[in-house]
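Okay, so here's just one chain, in structure tokens, the form predicted on its own.
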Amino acid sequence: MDLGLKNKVIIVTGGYSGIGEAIVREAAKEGAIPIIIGRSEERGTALEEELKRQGFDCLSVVAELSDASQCSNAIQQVLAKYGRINALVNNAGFNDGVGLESGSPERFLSSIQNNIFHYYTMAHYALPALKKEEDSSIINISSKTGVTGQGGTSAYVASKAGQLGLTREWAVELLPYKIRVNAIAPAEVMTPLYEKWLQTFDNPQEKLHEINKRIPLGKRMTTSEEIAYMTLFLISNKSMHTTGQIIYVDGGYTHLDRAIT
């Protein structure tokens, strides 16, 4: 299926690793122009150069997303080179394990700054450009934990729940501009950060097997590419009448009856 994304400028925060990297790579294959935004110049540049060697157009922009001025500067760099933004994919963030018992007010605030502040800030600064395009959209990559909770991760879960709330709020606010806003809520996805977490267990393979057993469809984790496919479909004009939705790409993990697992 041709998604009609050729030459669409798609910003992806946290785009050099994990789910973000998969979105960038698949966007390039669709003929879009992915913009890789993150704090690591080395990793962003390496991915940009690799994609350019393969004949794809893309751009890496270095930004510390917890700093509003750097978010603004990143948007301006994109506009200076391409003159437009067709889609924003808010993706960057990580589970830092700031719990109610184990955390502190200071760590909680810092986690919120790292995990949800830039979702708002990037959308705020990208909005004037998004308004100018005929069919533009925002995708918030969230998590099923924003609905289910997890335990021991108060700040991360608060951020993920907030991202889902912002999705619905922005979908309403941006209706007059026909800017579609949707969220994707993965559950268990094997990313470098997830792999790092698995390695904290005495028997990582046993823990992985335990997790896989709880995933109804196929008894396996979702791949980053499967999140990317849904992201690009939601950006595309194949889903022009879809907005304000939370899409669970999770093998049925969140909603199917636990009795079957």
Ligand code: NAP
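Just count from 1 along the sequence shown to find any residue number. Computed from a predicted structure; not experimentally measured.
Unshown form predicted together with the named molecule; subsequent notes refer to it.
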| property | result |
| --- | --- |
| Selected contact from Cys58, Leu47, Leu232, Leu65, since only one has a non-hydrogen atom within 4.5 angstroms of the named molecule in the predicted bound form | Leu65 |
| Among the candidates Pro192, Pro204, Gly31, Pro216, the residue which, in the predicted bound form, approaches the named molecule to within 4.5 Å (heavy atoms) | Pro192 |
| Partner-proximal stretch of 174-182, 122-130, 73-81, 87-95 relative to the named molecule in the predicted bound form, 4.5 angstroms, heavy atom | 87-95 |
| The named molecule in the predicted bound form reached by all of Ile19, Ile141 and Lys160, non-hydrogen atom within 4.5 Å | yes |
| 4.5 angstroms heavy atom contact with the named molecule in the predicted bound form for Thr153 | no |
| Arg39 within 4.5 Å of the named molecule in the predicted bound form, heavy atoms | yes |
| Exercise: Leu166 in contact with the named molecule in the predicted bound form, heavy atom 4.5 Å | no |
| Contact of Ile112 with the named molecule in the predicted bound form (heavy atom, 4.5 Å) | no |
